[in-house]
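Shown next as structure tokens: one chain only, the form predicted alone.
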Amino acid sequence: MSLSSRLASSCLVRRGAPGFSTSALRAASNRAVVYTKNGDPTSVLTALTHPKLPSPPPSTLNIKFLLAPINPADINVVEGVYPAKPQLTSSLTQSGLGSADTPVYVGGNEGLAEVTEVGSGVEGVKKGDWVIMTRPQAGTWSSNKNVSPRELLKVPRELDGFKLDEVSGATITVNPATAYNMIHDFTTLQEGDWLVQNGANSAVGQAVIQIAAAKGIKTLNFVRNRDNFSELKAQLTSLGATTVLTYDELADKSLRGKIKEWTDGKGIRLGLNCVGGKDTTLMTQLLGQDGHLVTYGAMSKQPLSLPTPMFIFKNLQAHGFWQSRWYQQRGPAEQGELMKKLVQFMSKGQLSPPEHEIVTIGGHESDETATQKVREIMSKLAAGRFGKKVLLRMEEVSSD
């Protein structure tokens, strides 16, 4: 038996503790991907079946998750290297894993869910509505969950005849929202203005390209050099990218002259950074007077070093952006307006869902099989064998 099988089997043994029978497990309908301690996702994540949710208590509601992405930050959370920490859960089972004796973390931060039952005292949400979670690390790698209405936000299933698809709804919370807010919150860009960004092929980067193009804003996009660069350039251009270059070209002293021609001498006032390191230092030097550099990631894991003359002579302003903080600081009305704007872009064909692959954890599969499948996904992600965003579909557990 493999190590992962032995670990999964040990979890199954703990769940079979007195007070929670095997027959009860077979009749249970919910499942979640959980862990008890931080570590390598390929070894600490476990699929846990737990009883069907009762009717929601007052001021709460029950939801069924339709799709939940596995984002890079989610993996960092499991590893214990991400600033946002999930809360331990002790109410999944009566004894064993997921109980007060052995509380667990439920993985996942982003996801689309459907309201299945509404408790008394809840207003503004009804059965059948689609919702997303706004509380960080809400545990979206689940089939079903009982939540407070304060933790979620309703998204329009249909807007002006446009029907939102599940993938777009499941991926709307983080990447498109981050892109939209970074474009709008730090400076005012008009049609014909330019912005510059690195990590342009990331999910956020692609959303930036599409939203900017829809508003007539031109984009200078940097990506890592690769064998299929021409294909990537064509893909980003098809999304609306104005210019796509490699980080190698940042060191070319003639680049500034070319950019001055492209922008008709108008300075670039917004730079978006998710990489860090020396490439970001060089990119920052492309910003003009009163430019803003917004950092939302550090993919290179290198320090961010900014040129002092940019601050003194060009009045550079540097900011950090975290979409989770944005949700915490904004009320439901502003959050809802953001969702509406993003869906409007989608309805006009101006914002498309990311390339993706849906992995289903079937309701007929045992917890051991589901555990192995989840860990295999994490192993492939670590090895870079998924070229697309991965989304989990957690089916309710079959009773037969």
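Residue numbers run from 1 along the displayed sequence. Here the structure is a predicted model, which means the values were calculated and not measured.
This next part talks about the form predicted together with a small molecule, which is not shown.
Segment that reaches the small molecule in the predicted bound form - one of 209-217, 322-330, 88-96, 252-260, heavy atoms within 4.5 Å: Of the options given, it is 322-330.
G169, heavy atom within 4.5 angstroms of the small molecule in the predicted bound form: Judged by the heavy-atom cut-off of 4.5 Å, G169 is well away from the small molecule in the predicted bound form.
is_contact(K154, the small molecule) in the predicted bound form, heavy atom dist at most 4.5 Å: Result no; K154 lies far from the small molecule in the predicted bound form.
Contact flag, G267 vs the small molecule in the predicted bound form, heavy atom cut 4.5 Å: Output for G267 is no: heavy atoms all beyond 4.5 Å of the small molecule.
S300 within 4.5 Å of the small molecule in the predicted bound form, heavy atoms: Yes, contact at 4.5 Å.
Full three-residue contact with the small molecule in the predicted bound form, heavy atom 4.5 Å, for A73, G199 and C274: Each of the three qualifies.
Sole residue of L293, I132, V77, V174 within 4.5 Å of the small molecule in the predicted bound form, by heavy atom: Only one listed residue qualifies here, and that residue is V174.
Of N221, T284, T178, S143, the one that lies within 4.5 Å of the small molecule in the predicted bound form (heavy atoms): It is T178 that has a heavy atom within 4.5 Å of the partner.
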